[in-house]
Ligand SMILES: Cc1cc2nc3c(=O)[nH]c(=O)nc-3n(C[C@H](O)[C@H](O)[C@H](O)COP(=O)(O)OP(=O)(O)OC[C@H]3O[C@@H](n4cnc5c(N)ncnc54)[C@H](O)[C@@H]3O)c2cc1C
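Here we start with a single chain on its own, the form predicted alone, put down as structure tokens.
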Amino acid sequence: MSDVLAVADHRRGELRPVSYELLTAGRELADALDGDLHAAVVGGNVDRFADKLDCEGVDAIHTVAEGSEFNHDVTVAAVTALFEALDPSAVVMPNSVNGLDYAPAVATRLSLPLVTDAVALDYDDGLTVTREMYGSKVETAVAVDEGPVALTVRGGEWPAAEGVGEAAIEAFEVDIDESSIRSTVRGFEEVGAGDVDISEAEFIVSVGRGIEEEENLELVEELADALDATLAASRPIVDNGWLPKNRQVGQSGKVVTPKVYLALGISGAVQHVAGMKGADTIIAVNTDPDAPIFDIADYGIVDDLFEVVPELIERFES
């Protein structure tokens, strides 16, 4: 009983990025326990998902071909049955909308302690889970008593698993009592989805309070076009109604993990950083050299964005 089970997250036929981050978190925990990492995927095109989940460090992949879309009752039944069959030390689930839907039910059925929204896992003679509180201003360490545990992990906190593994892929048959299925998925509608999903963007130009006026957004939009990037914003811009909610990055917006995140006039409040610190490369432009955004930036420019952005547009359009 030293293995770890990681349950992938998918939506509308696509694996969510957090699925690969789950594999990294699960692998770390499995290494600490000297066990194997099992990945699971429930519902939808499980065979295609299985191939994508076959990353380095994954020992086995279990597919459950029940249902075509996420269903609470099916997922709870499948994950519970798989856990009972594998008897792992931990089941790691996404701290996503779907994950938070079924994880508490799974933990209850299995009588497991549940720790949600983990941002770090440490194992030294026992598991300690790090969580954030009060708008990410305080970290708490939760010590887990002996025995198996259920965890949900926050997206953007672990690097995505990569490479091609040699995992054994097995179909897992679960006998689901049809009378236990009390919910039906009638369709999918993403609230505030708008025209763009910034969580899928590889290059984001994000703007904050430093833009000063709504009409100045046109300058940043021009830069985003020149860079073939996606426009996003911090909360004040959205609160002012200058950009729609689906463009907001942060704890109350969306978590993004682009290859490049260009932050213009963003101070780096903890709520915003929580949504973008998983970017591969962070570039910050701000007039305040003490702005917190520079603490996490890979490259920083201490200057007025109204001076920097026109220069960038000229360079990239030439």
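Just count from 1 along the sequence shown to find any residue number. Quick caveat, the model's predicted, so the values are computed rather than measured.
The form predicted in complex with the named molecule exists for this protein as well; it is not shown, and the discussion that follows is about that form.
Chemist: Would you please decide whether Pro236 lies within 4.5 angstroms of the named molecule in the model of the complex, comparing each non-hydrogen atom pair?
Modeler: Yes, Pro236 sits close enough to the named molecule in the model of the complex that at least one of its heavy atoms falls within 4.5 Å.
Chemist: Find out whether any non-hydrogen atom of Thr63 is located within 4.5 angstroms of the named molecule in the model of the complex, and reply yes or no.
Modeler: Outside the cut-off, so no.
Chemist: Considering non-hydrogen atoms and a 4.5 Å limit, does the named molecule approach Glu69 in the model of the complex?
Modeler: So Glu69 does not count as contacting the named molecule.
Chemist: I'd like to check something about Cys55: if you look in the model of the complex, is any of its heavy atoms closer than or equal to 4.5 Å to a heavy atom of the named molecule?
Modeler: Residue-level check for Cys55: no, no contact with the named molecule.
Chemist: Pick from 265-273, 36-44, 22-30, 55-63: which stretch has non-hydrogen atoms within 4.5 Å of the named molecule in the model of the complex?
Modeler: Contact-bearing stretch, as computed: 265-273.
Chemist: Which of these residues, Ser199, Thr75, Asn95, Gln248, gets a heavy atom within 4.5 Å of the named molecule in the model of the complex?
Modeler: Contact check passes for Gln248.
Chemist: Under the 4.5 Å heavy atom criterion, name the residues of 289-311 that approach the named molecule in the model of the complex, in sequence order.
Modeler: Heavy-atom contacts to the named molecule in the model of the complex: Ala291, Asp303, Asp304, Leu305, Phe306.
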